[in-house]
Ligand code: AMP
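Just the one chain here, laid out as structure tokens, in the form predicted alone.
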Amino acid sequence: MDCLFCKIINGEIPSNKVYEDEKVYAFHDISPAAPVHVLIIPKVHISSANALTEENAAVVGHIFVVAAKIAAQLGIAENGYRIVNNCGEDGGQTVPHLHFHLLGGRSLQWPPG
């Protein structure tokens, strides 16, 4: 499979790892949109939110638990943060592997884009 995030998970492409367990991998975004910008991805390849099923959806709950841990670890939990998932081309998804952006470290505006 020629997936950028699968290659990062497998160590074929370097990343600045923040967190890893048996289900997910998290790393700093190379083009941050906020002072803290971490990508959290499932280790199993799921192409987008549209590909979630009853069988694989539990990883999303785990990702949110991990996001809270990372937010506390990076000092943004108290003031707040945003978790974003982009789905499909119009949604802004640029890598076809389910991923969540953890953004914080400044006041985030709404609407985002």
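So that there is no doubt, residue numbering starts at 1 and follows the sequence shown. Bear in mind that the values here come from a model prediction, so they are computed numbers and not experimental data.
Only in words, not in the display: the form predicted together with the ligand, which the text now covers.
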Interface residue in the predicted complex among 34, 39, 71, 63, criterion: non-hydrogen atom within 4.5 angstroms of the ligand: 39
is_contact(residue 81, the ligand) in the predicted complex, heavy atom dist at most 4.5 Å: no
Residue 4, heavy atom within 4.5 angstroms of the ligand in the predicted complex: yes
Heavy atom of residue 86 within 4.5 Å of the ligand in the predicted complex: yes
The ligand contact at residue 105 in the predicted complex, heavy atom, 4.5 Å: no
Residues of 23-43 having any heavy atom within 4.5 Å of the ligand in the predicted complex, listed in sequence order: 27, 28, 29, 30, 31, 37, 39
